[in-house]
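Okay, here we've got a single chain as structure tokens, the form predicted on its own, with questions on binding and movement later.
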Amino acid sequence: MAAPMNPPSPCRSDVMIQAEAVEKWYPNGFQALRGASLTVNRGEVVVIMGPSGSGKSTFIRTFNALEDFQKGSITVDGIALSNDVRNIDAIRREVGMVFQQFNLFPHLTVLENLTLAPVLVRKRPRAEVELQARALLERVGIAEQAEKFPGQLSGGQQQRVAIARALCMEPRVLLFDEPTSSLDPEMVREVLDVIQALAADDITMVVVTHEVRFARQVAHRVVLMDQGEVVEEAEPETFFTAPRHERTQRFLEQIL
């Protein structure tokens, strides 16, 4: 029997995510992604915008194999995403994700939600992880909620728990899938403020959102997707004031 191979090691470069000509079909024949390509550099914040059903969420979910794809290629921190389970596991250890619906374990306390994966997956000492978790809860402004259950928190507080939980795994990349879409308007700002503070720490982030103010203030680049394609990408000032593509112009007329 051949000796087991070591898991792939990340390759240090300026590029964190390289997605090239990604295509995805669902079993019913619907094509969700049509040759979508995107490069995300280390420490960069990229905001993806677009109409409902444009493939935004599907695209970022391919970055950590939550969605499969049939054509194209994706590399995350030098690791090629493939059917090899070792590669998928290696990428998922380095890519954190914050969902629309929080996805917290309702039967676990806030602190237990944060410590579960680092202890079980990364095999870190519980006491060490708890110290880190409490520090992260302090960082996102809800240290006093550590012993409560998710159902006892507001939506904005639950989303901040979800962000702290992702950070507890010490990811190289954070993906946000419309993190404020399930929140009441008054809670949106508090969550965006937390994400903006993370951006100042040079964490690589890809954020699917319709929050124009956030995109203007935080993004290095803004991307428009439509019908499964990347239509346009530019720095925020150019994207919002001088878009090149007619489809981008029509989209901005609807949201500005």
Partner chain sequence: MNGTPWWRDRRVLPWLLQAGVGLAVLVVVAWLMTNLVRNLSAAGLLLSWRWLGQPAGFDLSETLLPFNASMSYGRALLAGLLNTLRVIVFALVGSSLLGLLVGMAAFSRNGLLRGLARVYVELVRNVPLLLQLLFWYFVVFLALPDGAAALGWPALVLAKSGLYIAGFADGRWQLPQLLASGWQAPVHLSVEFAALLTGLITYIGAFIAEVVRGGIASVPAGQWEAASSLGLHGAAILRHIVLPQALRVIVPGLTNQYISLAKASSLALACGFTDLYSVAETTLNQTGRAVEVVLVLLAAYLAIDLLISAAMNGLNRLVQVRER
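Positions refer to the first chain, counted from 1. Here the structure is a predicted model, which means the values were calculated and not measured.
We do not show the form predicted in complex with its partner chain, though everything after this point is about it.
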property: One residue of A133, L174, L81, I142 in contact with its partner chain, assessed in the predicted bound form (non-hydrogen atom, 4.5 angstroms); result: L81
property: Its partner chain in the predicted bound form reached by all of V231, R250 and E253, non-hydrogen atom within 4.5 Å; result: no
property: Interface membership of I88, its partner chain in the predicted bound form, 4.5 Å heavy atom rule; result: yes
property: Interface membership of D68, its partner chain in the predicted bound form, 4.5 Å heavy atom rule; result: yes
property: Contact segment among 59-67, 193-201, 41-49, 220-228, judged by heavy atoms lying within 4.5 Å of its partner chain in the predicted bound form; result: 59-67
